[in-house]
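Presented below, as structure tokens, is a lone chain in the form predicted on its own.
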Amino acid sequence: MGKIKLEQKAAGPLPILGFYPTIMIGVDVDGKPDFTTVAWTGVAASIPPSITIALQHHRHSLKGVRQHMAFSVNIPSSDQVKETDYCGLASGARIDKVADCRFKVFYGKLKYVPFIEQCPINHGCEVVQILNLGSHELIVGRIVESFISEECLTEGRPDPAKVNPFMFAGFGYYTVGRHLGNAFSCGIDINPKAKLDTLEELKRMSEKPEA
């Protein structure tokens, strides 16, 4: 299999992972709820539950993050791709995205953290750290509360097919697609000895750290 080097003329290597989860973060800016689209995001830790987002320095939403050191993560369904794209194009500094997208906004225990009711999954986060990494500031948030739409559950668990999230890749949005295999299971076919390692890892994930 041949390989070619991917580089940008000005910045060098490209940070390509293939695809990125698409979310909308929610903040309060000067007393008004605002939402913006973020693709540079990911889980940072499971205990305590933490997530990262990366925002460019000029983003209006970054002002809200710094004002209250808190934000929400709203995971949209594929039915909301236009609204999600719009919130990444428009600036909350001059446009009311909540009104334009007809978002139903609700709040949890974090006073200055707005959530989008239409999004299947919502997380409320308190900022732990902000790092200036160059073009973006990396924000580490600790999840303090989570919500999911009742219709997106199957036997009490989040059902990806019902959540119906989508991804950003290149210059387009794509649905998640079909189920390929069960996690912590399908790879064991390569070497059954891995099953012991898997059981140990699952045990560690279920244990809470000592206070």
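What you see is a predicted model; the values in this text were computed from it and never measured. Residue numbers run from 1 along the displayed sequence.
What comes next is about the form predicted together with a small molecule, which does not appear here.
Worksheet item: Taking heavy atoms only, is Asp85 within 4.5 angstroms of the small molecule in the model of the complex?
Response: Contact with the small molecule, yes.
Spell out, yes or no, whether the shortest heavy atom distance between Tyr173 and the small molecule in the model of the complex is within 4.5 Å. Within the cut-off, so yes.
Can you tell me if His60 lies within 4.5 angstroms of the small molecule in the model of the complex, counting non-hydrogen atoms only? Contact check for His60: yes, within 4.5 Å of the small molecule in the model of the complex.
- Message: Taking the small molecule as it sits in the model of the complex, is Ser78 in contact with it (heavy atom to heavy atom, 4.5 Å or less)?
- Response: Judged by the heavy-atom cut-off of 4.5 Å, Ser78 is well away from the small molecule in the model of the complex.
Item to complete: Taking 4.5 Å between heavy atoms as the contact cutoff, choose which of Ile148, Ile143, Ala70, Ala39 touches the small molecule in the model of the complex.
Response: Result of the distance check: Ala39.
Between Ile121, Ala90, Cys101, Leu110, only one gets a heavy atom within 4.5 angstroms of the small molecule in the model of the complex; which residue is that? The residue in contact is Ala90.
- Task: Name the stretch, out of 126-134, 112-120, 70-78, 90-98, where some heavy atom lies within 4.5 Å of the small molecule in the model of the complex.
- Result: That would be 90-98.
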